[in-house]
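Considered here are two forms of the same protein chain, supplied as structure tokens in two stand-alone entries, structure 1 and structure 2.
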Structure 1
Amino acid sequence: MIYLLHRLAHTVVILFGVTLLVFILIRLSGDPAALYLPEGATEVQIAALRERLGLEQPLHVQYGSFVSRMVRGDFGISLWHRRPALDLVLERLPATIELTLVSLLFAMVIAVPAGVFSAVWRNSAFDAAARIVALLGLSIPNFWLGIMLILVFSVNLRLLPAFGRGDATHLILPGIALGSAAAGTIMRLVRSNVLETMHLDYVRTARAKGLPEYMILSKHVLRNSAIPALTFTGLQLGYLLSGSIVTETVFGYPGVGRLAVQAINNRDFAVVQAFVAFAAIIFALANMLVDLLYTLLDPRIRY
């Protein structure tokens, strides 16, 4: 419980630090009052809008007002959508959760078996092919992979939809594009840790007792080599949930990442700040969840 309270306190500090940084950077990018008003607006009109938005106040006063509203869940009103910024983020959240789960499922289903068999059949043809595929997954930018998937499976073969959100088929191409890099990293982590664990004393003891190889792999090797992969998966979950910006933009997917891009282009302060605060919370909670799961994998870990 004490550890959990410490992590929650760290989450609060991280949240305020991130929001402060973004708060300052956004306001250094230009005057939003001139952007929202039509071309040819007078100085009086610009000054009136600045006063209504509170932009004439010092930065520390603006940030203090923002923090006092943020702790109540009020991130302000989007000047482009004329709606509460947090409502816009939460409205797009289910779409991003769907895409995140599909991409992580793709990465785990492909990477974990490939990493295990690559370690068991070390230096075989399968091992070489798996390492090449993992390297390609890490090296190819997901926006380029997304475009190639659209050209092949949507434009040429007409098998899968390329844009938007609908049934389950709309998640296949963006899920593959988004999960390819994660699959490459997880496969390499699983392979290296399985190779290291297979040569430890307790694994040799299990073999000496005559245990079947599948039982040794599942009960002893995989469980004890899963912590690094679990750490990366937790970080990846936070990254994907906080907004897969590039992939959602390429596929025209209506998720949180695409909303953030639109808000940045429009200098929509309220939406950008709500998105960043939400992303910081997701990252912190994902890291804390991973730390707590360590104790289930290795009972020797205590906090």
Structure 2
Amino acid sequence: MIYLLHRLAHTVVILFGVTLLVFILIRLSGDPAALYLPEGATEVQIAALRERLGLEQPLHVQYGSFVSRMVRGDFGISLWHRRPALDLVLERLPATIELTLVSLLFAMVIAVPAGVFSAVWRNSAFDAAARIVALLGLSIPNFWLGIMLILVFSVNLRLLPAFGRGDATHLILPGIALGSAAAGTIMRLVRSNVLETMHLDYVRTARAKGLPEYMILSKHVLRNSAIPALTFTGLQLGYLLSGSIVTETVFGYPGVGRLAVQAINNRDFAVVQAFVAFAAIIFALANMLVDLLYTLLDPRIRY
């Protein structure tokens, strides 16, 4: 319980740091009043707007009101869409969550069995092939992989849709493009953990008492190699969110990532702000959740 509170406090500190960083970045981007007003606005108009936006107050007061507005979910109005930035992000969030989950699912379904069997059949042809595929997944940039998938499966074979969002088939190509790097990382991690666990004494004991190999694998080895893999999956969420920016752009997928790229290109900083804050919150919560899941997988860990 004390640990939980400590962890929560840590997360809050991090999120405050993130708001400070965002605040500084937005301030560096220039005078917000100039962005709101059309070109050729008079000095008086600018001064009036600065007054109204609270830009004449000392910086720490501005930061205070910035944070308090953020906590209440007010990230400002999008200059481009003329709507609250939070609404825009929330509208597109389900699409991104859907894509992220599909890619994570793809990564896990491929990587966990591949990692386990790679370790069990160490130095076999399967192991070599799986390790090469993992290296490719890690090394091929997801945006280019996405383009190549479109080229093969949409342009040439005409099997799958290349753009937009619709039925489940729209998720296949972007899901693979986005999940391939995660798959490579998770496969390597599972493999090295299973290799490590397989040589521990208790596994030998289990084998000595005549437990069938599949029982040893599923009950003893997998469970204990799951923890580091789980941490990484938590961390992967952050990378997947990053990846969603490029992947959504490649596939014209209407998610938060694409919204963020458009906002950055349009210098629509209210939306950028909301997006960065959201990314940080999701990332921080995912990491916290992973820490808490540990206790379920390994009863020895008690906080």
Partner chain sequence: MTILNASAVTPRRRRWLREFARSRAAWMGLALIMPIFVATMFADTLAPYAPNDQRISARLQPPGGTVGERSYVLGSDSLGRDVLSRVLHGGRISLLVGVAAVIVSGALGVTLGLVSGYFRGHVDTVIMRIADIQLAIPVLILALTIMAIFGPSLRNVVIVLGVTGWVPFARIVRGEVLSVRENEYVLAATALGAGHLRMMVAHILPNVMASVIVMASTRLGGVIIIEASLSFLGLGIQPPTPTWGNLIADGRDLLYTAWWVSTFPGVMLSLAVIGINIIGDWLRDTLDPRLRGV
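Each form is matched to the other, and the largest set of C-alpha atoms that superpose within 1.5 Å is called the rigid core. The structure presented is a predicted model; accordingly, all values stated were derived computationally and were not measured. Sequence positions of structure 1, starting at 1, serve as the residue numbers.
Source of structure 1: the form predicted on its own. Comparing the two forms between structures 1 and 2, the rotation angle of the smaller rigid part against the larger comes to 9°. Once the core is aligned between structures 1 and 2, the alpha carbon position of Y63 differs by 3.0 Å; this is the C-alpha shift at that site.
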